[in-house]
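One chain comes next, on its own, written out as structure tokens in the form predicted on its own.
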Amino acid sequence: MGVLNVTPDSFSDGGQLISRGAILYDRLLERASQMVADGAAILDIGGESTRPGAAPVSPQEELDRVMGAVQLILPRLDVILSIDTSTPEVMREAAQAGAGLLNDVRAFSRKGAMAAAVGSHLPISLMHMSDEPNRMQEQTDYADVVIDVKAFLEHRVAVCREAGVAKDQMMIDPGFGFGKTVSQNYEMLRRLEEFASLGLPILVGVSRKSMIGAVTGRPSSKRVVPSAVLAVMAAARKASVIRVHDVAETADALAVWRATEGEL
């Protein structure tokens, strides 16, 4: 899953595909095309940053950003488009336009989001986040981070099932970096296989995140190699989807790992 943030303030690629409120369409299509050529099966489009401390944007602004990207990419590239949003209006519009997945960091808890997800008939991804982005890093007091996050996801899955979402339409995301300390992030990765007991595909997004910077001391742009290392570690621990900024490097790392596992 390649990351395409049409935002001015995302932690790693903010401002690269949008300037002064306007989408840089040529650059966006070039980036999307390269990701698909490099091996991305899914492109994840986000119109609102959810980095720690991020400020919210209006639903209309998010909608304009996301739909501009969707309408550009869908007719031109053979790829599944995932929509990284918690906003019901964006979910509905993107689904009608042909998106293939709804990816919500708030696990469809925002008012109207569950109804939009059910009405879309699309697969969905449920992520754990301890609080809103501007407060989540203050909420890291878990008795056991894996058990607590797993319990949250199990509850949200049950809510989705009750609302009418089929189990085979869901995947889960532990939410690396979203209301977890550095040590908690690494503990979740170390114990990632425990989430497999929920019987759902696991999405992992660790690409370029601060958990890497805390260990290496490198800025986000210099975290490609350790991101690929973590991607392989996640795949080895039953992750089904790896969300990344650097598709080619990650694809190479996973190909070597699969060959080592006898999957040539």
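Just so you know, these numbers come straight off a predicted model, no measurement behind them. Quick note: we count residues from 1 along the sequence shown, nothing fancier.
Note that the form predicted in complex with a small molecule isn't included here; everything after this is about it.
Colleague: So the small molecule isn't shown here. In the model of the complex, which residue out of A117, V105, A99, V149 has a non-hydrogen atom within 4.5 Å of it?
Modeller: By the 4.5 Å heavy-atom cutoff, the listed residue in contact is V105.
Colleague: Taking the small molecule in the model of the complex as the reference, which of M211, A40, V70, L203 has a non-hydrogen atom within 4.5 Å?
Modeller: None of the others qualify; the residue that does is L203.
Colleague: Does L153 make contact with the small molecule in the model of the complex, using a 4.5 Å heavy atom cut-off?
Modeller: So L153 does not count as contacting the small molecule.
Colleague: Hey, in the model of the complex, is S125 touching the small molecule, heavy atoms inside 4.5 Å?
Modeller: Output for S125 is yes: heavy atoms within 4.5 Å of the small molecule.
Colleague: Exactly one stretch in 175-183, 161-169, 90-98, 108-116 has heavy atoms within 4.5 Å of the small molecule in the model of the complex; which is it?
Modeller: Of the options, only 175-183 has residues within 4.5 Å of the partner.
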